[in-house]
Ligand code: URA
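Here you get one chain, nothing else, as structure tokens; it is the form predicted on its own.
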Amino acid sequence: MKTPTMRLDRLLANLGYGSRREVGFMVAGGLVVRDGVRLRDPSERLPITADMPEHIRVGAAPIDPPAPLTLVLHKPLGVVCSHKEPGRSVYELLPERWRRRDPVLSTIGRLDAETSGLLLITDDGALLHRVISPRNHVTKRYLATLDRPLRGDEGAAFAAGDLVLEGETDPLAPAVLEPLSPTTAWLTITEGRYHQVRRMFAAVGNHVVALNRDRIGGLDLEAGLAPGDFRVAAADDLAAIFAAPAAA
């Protein structure tokens, strides 16, 4: 497959470094360096490869990763997954210029402000739709802490595939409940309906007091990624999303 190329000024503008005019001044000022050599022509076409940050520097730092870009983020409590909702956004956890990237970065699904854990952010529309499509049955696992002890019949209710949430008419797909203690349990679902996990427990007479997502497909949230931190997803991470989860 032929490696795509792009003008230097358009590339940096798409990565959020400024307008093409502003980028032109950056290039003229010798701020863009490839393998130790200053680039002087904003119209020069560069090959777009994943290893660009290893070769090109803008100012004192490696160039930002080009598209397609996917991030693995540990969402903390108290932030929302939308530009439109009130409150601090997960996008504010990223470098400021990343909010001007083209194509734009979007979360793959959402976690509400009071839910923490594994969140994927991408500018790859095909990947986003592949993960969230119900046809692909990508699982999401949550650790739920409950207000009241489990009765013992919740697992059967969730697994039956006939549970209907309040205000809806279509039953939920079967889900797997794994109790850990009287008031904590893993819940693995394949859908992403609005506040689904909280509403599922409400449907069986309980209330979620804390919720954390630790797994999407076969991709786990690693212990070393602190709340609010993120990293660029590798090819192995993307493959793991669509692989069978490892046994708990």
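From 1 onward, residues are counted along the sequence shown. Worth saying up front: this structure is predicted, and the values here are computed from it rather than measured.
Below, we refer to the form predicted in complex with uracil, which is not included among the displayed structures.
Examine residue 185 and determine whether its closest non-hydrogen atom to uracil in the model of the complex is within 4.5 angstroms.
Judged by the heavy-atom cut-off of 4.5 Å, residue 185 is well away from uracil in the model of the complex.
Should residue 111 be counted as a contact of uracil in the model of the complex, where contact means heavy atoms within 4.5 Å?
The answer is yes: residue 111 has a heavy atom within 4.5 Å of uracil.
Should residue 216 be classed as touching uracil in the model of the complex when contacts are defined as heavy atoms within 4.5 Å?
No, residue 216 is distant from the partner.
Even though uracil is not shown here, does residue 211 get within 4.5 Å of it in the model of the complex, heavy atoms only?
Because a heavy atom of residue 211 falls inside 4.5 Å of uracil in the model of the complex, the answer is yes.
Look at the stretches 59-67, 194-202, 40-48, 23-31 and give the one with heavy atoms within 4.5 Å of uracil in the model of the complex.
Heavy atoms within 4.5 Å of uracil in the model of the complex occur in 194-202.
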